[in-house]
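Before any questions on binding or motion, here is one chain by itself as structure tokens, the form predicted alone.
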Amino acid sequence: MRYFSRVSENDLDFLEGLLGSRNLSTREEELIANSIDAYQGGFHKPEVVVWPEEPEQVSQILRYCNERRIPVYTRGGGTGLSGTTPIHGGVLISTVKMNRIIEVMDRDMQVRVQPGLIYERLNKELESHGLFFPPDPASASYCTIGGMVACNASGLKAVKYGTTRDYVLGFQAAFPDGSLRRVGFHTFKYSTGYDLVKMMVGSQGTLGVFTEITLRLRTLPEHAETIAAFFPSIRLATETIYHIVRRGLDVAALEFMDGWMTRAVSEFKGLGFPEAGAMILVESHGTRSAVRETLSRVRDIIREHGGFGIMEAEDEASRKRLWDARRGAYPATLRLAKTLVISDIIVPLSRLAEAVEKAYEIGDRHGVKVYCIGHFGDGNIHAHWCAEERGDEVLRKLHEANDEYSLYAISVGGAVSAEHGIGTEKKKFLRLQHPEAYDLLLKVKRMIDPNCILSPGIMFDVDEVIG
């Protein structure tokens, strides 16, 4: 027997009465546009797409769907890489019309925003206040703040500034019972029992739907400089990264690209990089004198470990050129591969070189090509598993390689996701990741969403929740 109810004409009438006809669609093109994200893992159409504009509308949608047992999925910019599409159909809530900056609290160094606000737009608006929201995902031009909170995104500057979870001070969210609750404080620290804010960050729409988010901000750095360096081997590059971190140098970014990826982005962007086994990008923020002192010590470490071809970028244009190389990794890979699956493992720093070599070993065994990049300052690796062909069998091989890599991460004390989230892709590993606490995760889900209407199939299979 089917557990969930299909969306009926009566349901559509309710939604249209609540939202108006312009904020609801069952047109095929809208359903298809909202049936995929950036993860290559299946095509799942919702039965209806809605665009609420007010928090109360979201809460009423959830109350109604909970009573009718209609699945509800939430979508921001559609840039997710772990699979959060509506695999059980139902209602898809798009947050793109809830995209305002509600209030910049300058003296408190905080901002209140709606979930559909684009990350890049937020930081553009904050520049006039001398503030910024530090997490820096590669999809900055398209991803939404709500989506970043939902998967605990981080990105290029995490080695200094941390992840999205470190900046969420509070939120308003709608829950399946139709309640609209505020959680959190306007303070940078507190000790008031269980931390419900941190629990909700990274929940990927499985516990509630964010309708407003309060973020902590940082002061824009006075000065920033970037350097790039090339290495004969991956091991020398990763040793350099380890020593930069181990010596406590104040770097804002510490990025890695293997030789295959370095060559690909150099050709894609016309950058003329030298032939190398690996490349690293290092950026420092602070006063001009502090930045130059830090990067002087970084250059010494690079040279100690055989680095060559050091490129220095002091002005914005030259810095942008180097960062265009890093941000160009995804499109550069897509130029060379028709099918692509991206990993998001994180391992202890001592395992970085081993982890890259493990990716090559797994790729050879499965007969697939793999390029490795990542935020190596905190151990986060993105292996790009790719193939020049399309088809279900090719995609299956890429996922098998990626799954084996996830198992490797767990085996060395790492995690299957550092910033992309669990989604549908990695839920098979959640019990292995939390062998002694998985039942507690399920209890939280059952308590908040007993009918499993919120993003069913994301993180947890339905029969686990309602069984």
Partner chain sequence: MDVLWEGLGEYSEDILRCIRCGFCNSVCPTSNASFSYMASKTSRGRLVMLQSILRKSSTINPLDREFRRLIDLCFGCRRCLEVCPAGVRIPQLMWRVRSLGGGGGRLRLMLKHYGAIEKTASRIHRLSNLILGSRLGRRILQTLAGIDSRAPFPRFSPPLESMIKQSPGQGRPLAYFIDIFTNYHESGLGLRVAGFLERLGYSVYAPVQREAGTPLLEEGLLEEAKQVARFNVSSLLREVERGARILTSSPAAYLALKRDYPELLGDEDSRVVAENTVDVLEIIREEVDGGRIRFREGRGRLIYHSSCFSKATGMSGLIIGLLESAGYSVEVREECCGIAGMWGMMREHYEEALDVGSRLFSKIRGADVPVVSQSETCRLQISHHAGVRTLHPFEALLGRIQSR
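Residue numbers count along the first chain shown, from 1. All values reported here derive from a predicted model rather than from experimental measurement.
Only in words, not in the display: the form predicted in complex with the partner chain, which the text now covers.
Of the stretches 227-235, 297-305, 284-292, 132-140, only 132-140 has residues with a heavy atom within 4.5 Å of the partner chain in the predicted bound form.
The partner is absent here, but in the predicted bound form a heavy atom of 97, alone among 263, 97, 160, 88, sits within 4.5 Å of the partner chain.
Among 410, 38, 442, 430, the residue placing a heavy atom within 4.5 Å of the partner chain in the predicted bound form is 38.
For residue 310, no non-hydrogen atom is located within 4.5 Å of the partner chain in the predicted bound form, even though that partner is not displayed. Shown alone here, residue 205 lies farther than 4.5 Å from the partner chain in the predicted bound form, counting heavy atoms only. A residue is said to contact a partner when one of its heavy atoms sits within 4.5 Å of a partner heavy atom; residue 246 fails this definition for the partner chain in the predicted bound form, lying far away. Though the partner is left out of this view, residue 64 does not reach within 4.5 Å of the partner chain in the predicted bound form, counting heavy atoms only. Of all the residues from 29-46, those having a non-hydrogen atom no more than 4.5 Å from the partner chain in the predicted bound form are 29, 30, 32, 33, 34, 36, 37, 38, 39, 40, 43.
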